[in-house]
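Shown below, as structure tokens, is a lone chain in the form predicted alone; questions about how it binds or moves come after it.
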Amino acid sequence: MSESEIIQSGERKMSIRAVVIGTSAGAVDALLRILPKLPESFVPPVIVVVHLPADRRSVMVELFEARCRIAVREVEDKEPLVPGTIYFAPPDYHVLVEADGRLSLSSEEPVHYSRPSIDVLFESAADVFCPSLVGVVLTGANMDGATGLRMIQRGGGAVVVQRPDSAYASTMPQAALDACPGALSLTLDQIADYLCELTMVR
């Protein structure tokens, strides 16, 4: 898909209220191709779930805040979403978007053997933000994210999936594409350009 086709595909960009991203195996390299490219003027909050070991402290904030032009933080329970901020799910907690737009943490059972779960975030975000929501599924080795992305699509949100043939692990993006016919299937650089266009268009 050409850059002009990507830009033309997102006519709802001006009303986007949030972006949710889910990824697993190969996550750090994939996110490093996307998040540091977001400009200082990027307004929608970005909520990211990465499958992390439950017994280790996450270093995602330290890794990305040194490289990103917008604020980066780890989700805290009951905190309000702030524009122009990237939020990472903490290890061993699901992240949900509440009806009032706050983020909450849950220790409910794992989904697809994962806590945090991409599906849990995506489904709760769809309830609150659709159709003004962008859902993105990147590299990963299980099925997490496919069901949640389908809910975003059904709610009228924009759905974007890393091209499986460009992913470190193709299972997750392929499952997302199978669940969401018509989803944009893009390379990492194209996804970065697409997200940047959300702010560039006035």
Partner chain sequence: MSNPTEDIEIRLLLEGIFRRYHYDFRGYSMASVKRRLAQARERFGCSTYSRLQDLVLHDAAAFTSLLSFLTVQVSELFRDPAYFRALRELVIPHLKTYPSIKVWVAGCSAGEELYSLAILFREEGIEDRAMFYGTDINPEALQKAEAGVYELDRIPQFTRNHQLSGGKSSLAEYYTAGYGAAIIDKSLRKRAVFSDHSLVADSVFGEMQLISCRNVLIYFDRELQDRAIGLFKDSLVRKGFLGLGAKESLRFSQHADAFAEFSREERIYQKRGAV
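Only a predicted model underlies this, so the values are computations on that prediction, with no experimental measurement involved. Numbering follows the first chain given and starts at 1.
The following text describes the form predicted in complex with the partner chain, which does not appear among the structures shown.
Engineer: Based on heavy atom distances of at most 4.5 Å to the partner chain in the model of the complex, which listed stretch, 164-172, 25-33, 151-159, 41-49, is the contact stretch?
Structural biologist: Every other range fails; the passing one is 151-159.
Engineer: Taking heavy atoms only, is residue 57 within 4.5 angstroms of the partner chain in the model of the complex?
Structural biologist: Judged by the heavy-atom cut-off of 4.5 Å, residue 57 is in contact with the partner chain in the model of the complex.
Engineer: Hey, in the model of the complex, is residue 72 touching the partner chain, heavy atoms inside 4.5 Å?
Structural biologist: It does not: once the partner chain is placed as it appears in the model of the complex, residue 72 has no heavy atom within 4.5 Å of it.
Engineer: Within a 4.5 Å heavy atom cut-off, is residue 86 in contact with the partner chain in the model of the complex?
Structural biologist: Contact with the partner chain, no.
Engineer: I'd like to check something about residue 81: if you look in the model of the complex, is any of its heavy atoms closer than or equal to 4.5 Å to a heavy atom of the partner chain?
Structural biologist: Judged by the heavy-atom cut-off of 4.5 Å, residue 81 is well away from the partner chain in the model of the complex.
Engineer: For the stretch 20-48, I need every residue with any heavy atom inside 4.5 Å of the partner chain in the model of the complex, listed N to C.
Structural biologist: Residues within 4.5 Å: none in this stretch.
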